[in-house]
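Before any questions on how it binds or moves, here is one chain, the form predicted alone, in structure tokens.
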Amino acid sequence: MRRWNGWGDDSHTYAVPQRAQTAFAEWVGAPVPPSDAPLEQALKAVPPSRLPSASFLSFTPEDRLRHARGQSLGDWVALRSGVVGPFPDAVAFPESSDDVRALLDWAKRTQTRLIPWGGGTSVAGHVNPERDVGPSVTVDMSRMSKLLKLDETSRLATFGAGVSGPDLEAQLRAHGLILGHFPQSFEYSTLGGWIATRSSGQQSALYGRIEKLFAGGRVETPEGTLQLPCFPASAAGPDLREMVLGSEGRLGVITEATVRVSLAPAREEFVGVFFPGWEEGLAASRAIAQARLPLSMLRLSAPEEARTMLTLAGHERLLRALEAWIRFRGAGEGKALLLIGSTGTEATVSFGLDQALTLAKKHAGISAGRTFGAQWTKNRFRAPYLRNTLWDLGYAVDTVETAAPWAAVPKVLNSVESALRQGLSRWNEKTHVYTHLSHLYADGSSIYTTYLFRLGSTPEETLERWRYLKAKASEAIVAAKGTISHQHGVGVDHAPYLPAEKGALGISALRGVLKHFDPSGVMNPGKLVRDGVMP
């Protein structure tokens, strides 16, 4: 069963080797395991609903609890402490676009706010009810998950927007097809959620981000139905899909989405390459990205992340042998690790990997073969489960992410890491910080930084530490001219920093679009931009 206060299926765990536990204690201090509130305690805190009974709504305390929070660290602190905060007054489970249309009309009549819910994997506050805005209903889209139409000639597939990643790929696989959108939240996140937050999958180098895959669909807005027809290209004015992409449930509810699919690949390989240091790895990765080779993934771990990954990997005897061999080849303590993926036909995979390894070798790259690639593939969707284990040990883990042009990548990365490393000095606490580049483009890269620190003695102290670190990292991103979000969206947590990127005129334009589709402020109040809430 899915955890109510953490990530994923409660039967799945991520074991942390003793070697890693010892290292974490050295890096940030010995932890004290927390005392979390049980489900029964949290359920008792669910208040009475402010809405009258309705057959199309669920009012059960457990449904309301499970839809009250997402997956940010702030959400975890709330759920684990049992002090959850605002709850939705009810949960709806529509089964068709007509159901959503009826729900919207009801919400307008009753001045009830609606919060679209895909998989609840948001780490930026997208699905959290707002305080003091009146009754709210979370709209769980999980029952709208079927493959509705498949045009195999055009390779266009239309799904109910509530379809989860594994379910979507399984339905396509029956036809020998693939979408190829694999965010780390793939196990639970949904097609509608990907579109609403402008998601990026791990193999975006081949398949593209969601904006490339999203061909059209249907959005039920408070003012009516918005149909987005599918064309291979169009010069018929501004593309209305762009208003839906990244709209975060503020325009309406995405009920159907048509996506561009591909033939399932004949072959897929991932290999690891070590570099003596960060500079060599960065130069090689940039050269490979700019060569526009037929690759599906490039992921460069900076030295601290490479060290952390190796510490967490287990298999100590094998790793000692590998590290000794790599050290002999010239990559010692400061080594960086590049994972290269190629997906497609036998010929394109061989060509892509050969060319990428040739470029890596020019920058002192040392191929480690398929060992690290196979390990990464095995665990690619298990990483979020690590948060559960580390929390139980007494550690909090969170991430911040951004993107910048290549010329600015070193400055942005260093600014974010410095802000996080120094962030807890006021508490005389340490933060363990490490970074990778996971989406590489010809002109720049995403920058994904993870940070780990000890839980506070109380939930309030942990929350205060997290908020301070998050703010300092976000301020560093803005000051260094990175985007406030490459793939996690805006939600509530990033909204204060959006004006620095969009400008006053841009924010005004966003508000105008939101007001046009939702003049009474029914949809997901407080997200993306902070105005537009019903009085």
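Residues carry their position along the shown sequence, with the first being 1. Worth saying up front: this structure is predicted, and the values here are computed from it rather than measured.
Omitted from view is the form predicted together with a small molecule, to which the following refers.
- Heavy atoms within 4.5 Å of the small molecule in the model of the complex map, among the stretches 289 to 297, 388 to 396, 189 to 197, 411 to 419, onto 189 to 197 alone.
- When the small molecule is considered in the model of the complex, Q487 lines it closely, a heavy atom lying within 4.5 Å.
- Put simply, G249 is close to the small molecule in the model of the complex: some heavy atom of it is within 4.5 Å.
- When contacts are judged by a 4.5 Å heavy atom cut-off, Q71 counts as touching the small molecule in the model of the complex.
- Contact annotation: V123 falls within 4.5 Å of the small molecule in the model of the complex, judged by heavy atom distances.
- The contact residue chosen from I340, A284, A331, V127 relative to the small molecule in the model of the complex is V127, the criterion being a non-hydrogen atom within 4.5 angstroms.
- Of the residues Q184, S367, T377, T348, just one reaches the small molecule in the model of the complex with a heavy atom at 4.5 Å or closer; this is Q184.
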